[in-house]
Ligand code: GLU
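Given as structure tokens, the chain that follows is alone and in the form predicted alone.
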Amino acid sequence: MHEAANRQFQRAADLIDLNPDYRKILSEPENEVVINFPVRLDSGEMRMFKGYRIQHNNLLGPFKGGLRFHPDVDLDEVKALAAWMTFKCSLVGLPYGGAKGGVTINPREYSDGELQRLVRRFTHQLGDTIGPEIDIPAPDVGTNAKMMDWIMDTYANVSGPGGRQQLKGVVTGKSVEVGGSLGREAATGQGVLYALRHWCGETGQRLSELRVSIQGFGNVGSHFARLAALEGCRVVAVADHTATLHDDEGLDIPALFAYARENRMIKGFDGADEIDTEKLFDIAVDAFIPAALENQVTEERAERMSCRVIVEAANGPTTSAGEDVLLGKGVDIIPDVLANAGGVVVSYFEWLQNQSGRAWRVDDVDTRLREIIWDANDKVVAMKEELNCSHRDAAYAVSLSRLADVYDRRGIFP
């Protein structure tokens, strides 16, 4: 995955003739932290876990990126995700660098008490690696606001009594009650919808007339589905790790959203037909939204797909070979670094609120989110026309141009 991430940015670097020194710096993370740490389980057993925090680049500001709890978390994956965060933050104009972290674990197999002990121990061992002006984690796959609350509380309690209120900004994606931002939970899905709406404007489509399918119905996919349905989109297929549901007339998204919230899965929902997972890629739609894990849109699946646009709500969902097939078929791909940037944008808003001690209204959050996402899409479209390239290459070209400009101005120490 890290090699794939590097290939993506190197392609755009060729298009803008990026300084070779900057290429070298951006090809590897600045810091790689690997931690093996013990946690006592409810049974009394002591178990060792492996955690990571990769800090890719902090040229533009503090490192920023999520924490992922998943059985497949490894060093290569986290390095790729950290690099994508650097380019994402640069693309949308945030004063952040890129980072990512994770623990190799299936959180569904552990109790709340075990997870709390694990999160607190991991946070303690990260120590000064993180901080409101150093590195700011956030939720990702397998983590949530409750876990971010635990991180903030642990960090505040081991940092001494001075300035504890200012330490709330050590992590974003917290619950609103302990310093989180209104609008943060739906932010990534909201940003995906803004990206899709922008594509409609580029191509003369009506958002309300689109047929949509979604792979992944976690936080991002479910909120996107809810918001898209409110705009009139017909969501005809949805998949998660338990089932794939299809209704050609359109799923009852409010009912499915409520069912998934209550049951933490979509399997068993009786308002649609359950189909084989692979058939999701055979359903003809206008927009396909991959909102699950990496490397889902493979070459073989891409050959079978019939859609006009893919909006990458997940990180790295399309393989290089899959992308070549889709572009050859004339399918537009709105890349992850642009499409799913809504989460980190509202994380930035949360950080600003924590730093200032003020809380924003949800309308203010949504308005500012739309402005930033819209502006980034405008820049990508302009770069795409200038370079005669794909959306992905244009997005990286915009991102790299900003990074190069800052390197030119600051120089490289010593």
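Because the structure is predicted, anything quoted here is derived from the model rather than measured. Residue numbers here begin at 1 and follow the sequence given.
Form predicted in complex with this ligand: not shown, discussed below.
- When this ligand is considered in the predicted bound form, residue 315 lines it closely, a heavy atom lying within 4.5 Å.
- Mapping the unseen interface onto this chain, residue 185 falls outside it, with no heavy atom inside 4.5 Å of this ligand in the predicted bound form.
- This ligand is not shown here, and in the predicted bound form it never comes within 4.5 Å of any heavy atom of residue 77.
- Among residues of the shown chain, residue 294 is not one whose heavy atoms approach this ligand to within 4.5 Å in the predicted bound form.
- Here the chain stands alone, but in the predicted bound form its contact with this ligand, taken as any heavy atom within 4.5 Å, falls in 340-348 among 104-112, 340-348, 117-125, 255-263.
- In terms of contact with this ligand in the predicted bound form, the residue from 85, 170, 311, 233 that brings a heavy atom within 4.5 Å is 85.
- Checked against this ligand in the predicted bound form, the residues 140, 286, 153, 332 give one hit for a heavy atom within 4.5 Å, which is 140.
- Residues of 57-76 that come within 4.5 Å of this ligand in the predicted bound form, judged by any heavy atom, are 64, 65, 66 in sequence order.
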